[in-house]
Ligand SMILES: O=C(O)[C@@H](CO)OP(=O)(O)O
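Here's a solo chain for you in structure tokens, the form predicted on its own.
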Amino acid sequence: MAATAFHQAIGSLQSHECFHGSGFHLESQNASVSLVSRGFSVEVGLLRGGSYCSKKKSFSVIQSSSSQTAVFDPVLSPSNKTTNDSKKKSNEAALILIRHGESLWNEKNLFTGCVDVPLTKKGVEEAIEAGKRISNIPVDMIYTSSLIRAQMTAMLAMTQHRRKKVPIVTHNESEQAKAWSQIFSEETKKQCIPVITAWQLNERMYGELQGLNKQETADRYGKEQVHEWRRSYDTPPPNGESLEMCAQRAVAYFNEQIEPQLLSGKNVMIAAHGNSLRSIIMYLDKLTSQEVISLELSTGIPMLYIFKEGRFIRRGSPVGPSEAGVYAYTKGLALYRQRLDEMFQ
């Protein structure tokens, strides 16, 4: 019954379409031309085995320029205080994925799932360390699950960001909530980052295992059965979600809500959970169902992707703010760090 109720809201999302720019890029000494697909459609309802449905492409020239833009944040250097330096449209964006820090039930070795449990002291420290690793990477929008451990991780991480923008949770659950949470200063708005919470990014719901000790559960049901519930792609625990079911909602939300922001040049951070992030990584890296079940994500370790010309390029985990090479993955990130250095020197 629990799983049935949980999935009523996502029954219509099991098959949908999304649109991507895709194509190739031609460059000469003085100009560049990008050819991208027009009407490139992919049906991304995840099928058993991790396969995707058919694609259709037709190409057209949409850009011709003498220079290439990159990840950009409207940071003004001390020598340039003009207000007409509006945010430039970029052709690439940063995507940061962070699994929440250790929770109180992680510490107790309990199945947590969708139970709303906060971070431990170690989890707080992991979130702060994650923030240090991404402190020179631009962040324009933050998405988290509806669970406190993911939200705490996002907020604590942003306390370490050198840009010093304030993450503000948006409240659109009612007209009154919207009205009461308005900000009336345009200058203050520029120094804020919207934080959007979504249940679709929640950890997978472990059904009747939630709150049980993992070792005791293995002793009761047998190691093989518990391993199948935890690590198979399409076998759910009693009244819970399989990874496949979690992927259907998480990837659908990513396609419909987050990917359009990246396409518009926004730099996005997602703070979520082991299984919802594994689902998104499965989509980004085109992993099979067998590859994704062996993917392990450590708590509090950020992963960086560059979204460029309709493609996701994995850049791994930034080691720390002192490692200049981490931010030289693209000219845009290197420029952003240089501007931060100038601003806060």
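Just count from 1 along the sequence shown to find any residue number. Predicted model only: the values in this text are computed from it and were never measured.
One more form of this protein exists, namely the form predicted in complex with the ligand; it is left out here, but the text below deals with it.
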Residue among Lys122, Lys214, Lys266, Lys165 with a heavy atom within 4.5 Å of the ligand in the model of the complex | Lys214
Tell me, which of Gln261, Gln225, Asn106, Ser232 has a heavy atom within 4.5 angstroms of the ligand in the model of the complex?
-> Asn106
Report whether the minimum heavy atom distance between Met152 and the ligand in the model of the complex is within 4.5 Å.
-> no
Given that the partner is absent here, does Tyr143 sit within 4.5 Å of the ligand in the model of the complex, heavy atoms only?
-> no
The ligand contact at Gly113 in the model of the complex, heavy atom, 4.5 Å = yes
Does Asn136 reach the ligand in the model of the complex if we count a contact as any heavy atom within 4.5 Å?
-> no
Given that the partner is absent here, state which listed stretch (202-210, 183-191, 125-133, 247-255) has heavy atoms within 4.5 Å of the ligand in the model of the complex.
-> 202-210
For the stretch 261-276, return the residues whose heavy atoms include at least one within 4.5 Å of the ligand in the model of the complex, in the order they occur.
-> Asn275
